[in-house]
Ligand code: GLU
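So this first bit is one chain, no partners, the form predicted alone, shown in structure tokens.
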Amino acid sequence: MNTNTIRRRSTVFGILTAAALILTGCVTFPAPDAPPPTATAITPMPAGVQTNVPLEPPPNAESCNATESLRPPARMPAPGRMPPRSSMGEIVAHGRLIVGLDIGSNLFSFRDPMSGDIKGFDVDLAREITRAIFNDPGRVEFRVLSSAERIEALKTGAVDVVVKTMSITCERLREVSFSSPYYVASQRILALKESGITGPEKLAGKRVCSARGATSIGRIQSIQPRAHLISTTTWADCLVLLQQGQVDAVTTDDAILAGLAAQDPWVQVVGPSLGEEYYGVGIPHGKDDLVRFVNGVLERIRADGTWWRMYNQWLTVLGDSGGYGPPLVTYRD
């Protein structure tokens, strides 16, 4: 274990200890120049880590116009007045929109440590869809899903929609439907600042983490076949493994990596874009009316400035990488 890793873990240990002492009212602050305590225990790997990740195809290895979606209705139903015999009417009947997301994608969907509320760009988008159905953004129920659980949750009806940094791919379109894209990200790499990792060419022989079910696994395997892939249940688990020196890098969309980097000053996003990812709202097959309706909601938030207000609140840390604005869309009838 290198000195930087020990220092990071020691700092985290010190913060947790100080927090506990503050709560009990018996804290003593050391001098500013006092060195951190020495770490003596090795943190075990998070549950669900897979070290023998099988080879996966890169996203959209086949051509299917994946981001083309159904045209919105010429006239959207008024909020709170959904046609009874429609997918939106069914949602009204059970009283809330059930949305699958996670709470480990900082910036897009995460639990605020102060309020306990789930917040982020994807959360705000889910509330806009809820507002359009009920005329009340609060009529929403969030169900936490891992990346690997998203498709099954849609197929079984456990959720009405998934709003979880879910990339639109040809392979996924065989199992679920998607809205038009609402955000475009670039896959990149997260590494320790002093690691010497600057791009995919430096990952040969290195341990690279990605969340199970993410498209980033197949892409990095095709770009750097000599990397050793390790998969986890959540992106937070990848950050933990990186902090503990159990992996050398993390790869996924820059939007997610920026959220991880915001939690640790010793890591940074590096290298060029490895490929673009278009996020869409996941919707069960057979609910074309809901696909068209959600596309109508996305048209509205692009037109009235809501998309940019959401971006400016949550994603400005991405700087120019998020400066594309709302992605261009292509419809079919």
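All values derive from a computational prediction rather than experimental measurement. Heads up: residue numbers just count along the shown sequence, starting at 1.
There is another form of this protein, the form predicted in complex with this ligand, and it is not shown here; the text below is about that form.
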Practice item. Could you tell me if all three of R188, I220 and A249 have a heavy atom no more than 4.5 Å from this ligand in the predicted complex? Key: no
Exercise for review: Scan N106, S87, T232, T165 and let me know which has any heavy atom within 4.5 Å of this ligand in the predicted complex.
Suggested key: T165
Review point. Which of T130, S147, S180, S177 has a heavy atom within 4.5 Å of this ligand in the predicted complex?
Key: S147
Point to revise | in the predicted complex, R71 touching this ligand (heavy atom, 4.5 Å) | key: no
Check your understanding: Is V161 close to this ligand in the predicted complex, meaning a heavy atom pair under 4.5 Å apart or at it?
Key -> no
Review point. Even though this ligand is not shown here, does R207 get within 4.5 Å of it in the predicted complex, heavy atoms only?
Key: no
Exercise for review: Please check if R139 has a heavy atom lying within 4.5 Å of any heavy atom of this ligand in the predicted complex.
Suggested key: no
Revision key, fill the gap. With a 4.5 Å heavy atom cut-off to this ligand in the predicted complex, the contacting stretch among 296-304, 263-271, 276-284, 45-53 is 276-284
**Study point:** Residues in 245-264 close to this ligand in the predicted complex, defined by a heavy atom within 4.5 Å, in order
**Key:** T252, D253, I256
